[in-house]
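Here we start with a single chain on its own, the form predicted alone, put down as structure tokens.
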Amino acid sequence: MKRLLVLLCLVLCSAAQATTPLPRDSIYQLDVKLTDQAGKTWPLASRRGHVQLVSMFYSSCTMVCPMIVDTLKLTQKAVDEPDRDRVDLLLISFDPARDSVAVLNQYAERRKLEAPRWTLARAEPAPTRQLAALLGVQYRPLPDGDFNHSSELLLLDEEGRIVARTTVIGRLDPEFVQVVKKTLSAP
């Protein structure tokens, strides 16, 4: 009986959420389709209802991007155990030419970024640029195939609003973690 009530609540909550307009400052207002490491394509707005830690990267990076991943892992681990599973992690590639579904999948396996908690995604070049601008992430390709890019983690609330960001990479940012915990405890 309890399971049936929980299922009914999930269905009703999802239906109510689907009919509730997005806040004006939600990044989910951007109509972009992402394809994840499993090859599934979905609209960015389908992430609605989940607290997200988001960053942009490219899989062939050997310096900063692995540190971004490590910082995401540290941040997730710093969240109290009961809430840890309520934080989704989204890495979006700004190198869609080289970061195919297969490459993203291999990267996820190599770095032990297990779905469904971790999503590595790509989009076509124009939507990738739009999404980066919306997130405040800057990047530009270099002649050798690498990228010069800003490095930060963003926290999105359940409605896709940017709640906080940190440029602290390679170690834990305690202030950012506190905002993550506060966001998870919000009603």
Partner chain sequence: MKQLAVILSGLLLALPAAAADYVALPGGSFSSVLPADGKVAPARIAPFRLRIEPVTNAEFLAFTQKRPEWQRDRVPALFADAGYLSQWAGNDALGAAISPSQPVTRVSWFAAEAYCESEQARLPTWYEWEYAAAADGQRADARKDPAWRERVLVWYSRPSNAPLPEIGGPADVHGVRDLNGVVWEWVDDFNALLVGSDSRDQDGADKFKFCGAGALNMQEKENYATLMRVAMLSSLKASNTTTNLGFRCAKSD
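Positions refer to the first chain, counted from 1. Note that the coordinates shown come from a computational prediction; the quantities given were computed from them, not determined experimentally.
Form predicted together with its partner chain: not shown, discussed below.
Shown alone here, Asp146 lies within 4.5 Å of its partner chain in the predicted bound form, counting heavy atoms only. Proximity of Leu134 to its partner chain in the predicted bound form: non-hydrogen atoms within 4.5 Å are present. Put simply, Gln178 is far from its partner chain in the predicted bound form: not one heavy atom of it is within 4.5 Å.
Under a 4.5 angstroms non-hydrogen atom cutoff, its partner chain in the predicted bound form has Met67 among its neighbouring residues.
This chain appears without its partner; in the predicted bound form, the one residue of Thr35, Ser59, Gln52, Ser26 with a heavy atom within 4.5 Å of its partner chain is Ser26.
Each of Leu30, Gln130 and Glu152 places at least one heavy atom within 4.5 Å of its partner chain in the predicted bound form. The partner is not shown here, and in the predicted bound form the stretch 105 to 124 never reaches within 4.5 angstroms of its partner chain through any heavy atom.
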